[in-house]
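So this first bit is one chain, no partners, the form predicted alone, shown in structure tokens.
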């Protein structure tokens, strides 16, 4: 009679095969929750709760000294009928267009030059230096340089035979001037973000293009810009959100003037809240600004396809 392995196993002659054991992975969920708890508390305390309270206050009339009185949608009706609000929207969009357009082009050029021409850490550090200067300091320095009477900028214009320009006092020049001050301060930081994206593009693509006889301009259009699209989308979203919140540069230079030329939405919100103590209406303006930013961010994300990449 044939003796099978199964029979020997049953009779104890051959021990059963050992069952492989797997190392049990420790559960770090509790530790992870403990580590993110402080950040979560800060996020809820300083972001979510103020957001919810601000939305509630937008439906009230509150002067900070008395109890808030619920007024329904009156603040939003007033906002739609407020010509200063629409002027603030126009001034804000004008500032964002000038600031983002020039800043992105300059930063992209600087980033490409850093990648293609120099690997010096010193040069990269110098490009980032303006970002280390605070907005208020940068604004005051340019305010003195471009002063109509005593500014060296206007004196140089006279030396070359041109008329003086009221950079901060002219309705036509105020917004572009403030935008250019902002460009000077942030172009290095934006260039650094774009430069980080350029580092992810394989050098072999440029080498192959050179072998085919492609010029630098051709490689920039066919390789750099398409493969840099996700980073450019991210940079645009961050820059637009920051530009909508411009306040300190305008506050220390024009104060919202001349007339209402630089009274952007953030300045108008501040005026209503802390100059007129109309916190209910200021909250409604803040909610409107939040809604605008959400829409603009969503549109930018979809148009730039920031969540997708052509690198495989």
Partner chain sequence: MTRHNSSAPGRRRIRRLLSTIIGSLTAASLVGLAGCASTPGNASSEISLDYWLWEALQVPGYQKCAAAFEEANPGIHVRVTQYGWGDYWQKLTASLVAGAGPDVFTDHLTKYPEFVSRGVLLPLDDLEATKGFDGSVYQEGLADLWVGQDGAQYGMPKDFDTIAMFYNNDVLEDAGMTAADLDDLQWNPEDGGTFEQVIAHLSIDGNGVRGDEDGFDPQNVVTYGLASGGSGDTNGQTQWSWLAAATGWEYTNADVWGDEYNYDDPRFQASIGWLFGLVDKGFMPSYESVGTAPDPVQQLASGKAAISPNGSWTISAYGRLEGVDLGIAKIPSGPIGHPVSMYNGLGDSISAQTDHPEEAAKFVQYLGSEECQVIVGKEGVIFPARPAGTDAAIAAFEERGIDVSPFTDLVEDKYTVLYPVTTNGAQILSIMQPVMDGIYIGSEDVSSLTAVNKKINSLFAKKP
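From a predicted model like this one, the values you see are computed outputs, not experimental measurements. Residue numbers count along the first chain shown, from 1.
Below: the form predicted in complex with its partner chain, not depicted.
The stretch from 170-178, 210-218, 126-134, 237-245 that comes within 4.5 Å of its partner chain in the model of the complex, counting heavy atoms only, is 170-178.
259 is the sole member of 43, 51, 259, 36 with a non-hydrogen atom lying within 4.5 angstroms of its partner chain in the model of the complex. Proximity of residue 47 to its partner chain in the model of the complex falls outside the 4.5 Å heavy atom cutoff.
Shown alone here, residue 86 lies farther than 4.5 Å from its partner chain in the model of the complex, counting heavy atoms only.
Although the partner is absent here, residue 144 sits far enough away that none of its heavy atoms falls within 4.5 Å of its partner chain in the model of the complex. The shortest heavy atom separation between residue 28 and its partner chain in the model of the complex exceeds 4.5 Å. Annotation for 255-280: interface residues with its partner chain in the model of the complex are 258, 259, 260, 263, 270, 274, 275, 276, 277 [heavy atom within 4.5 Å].
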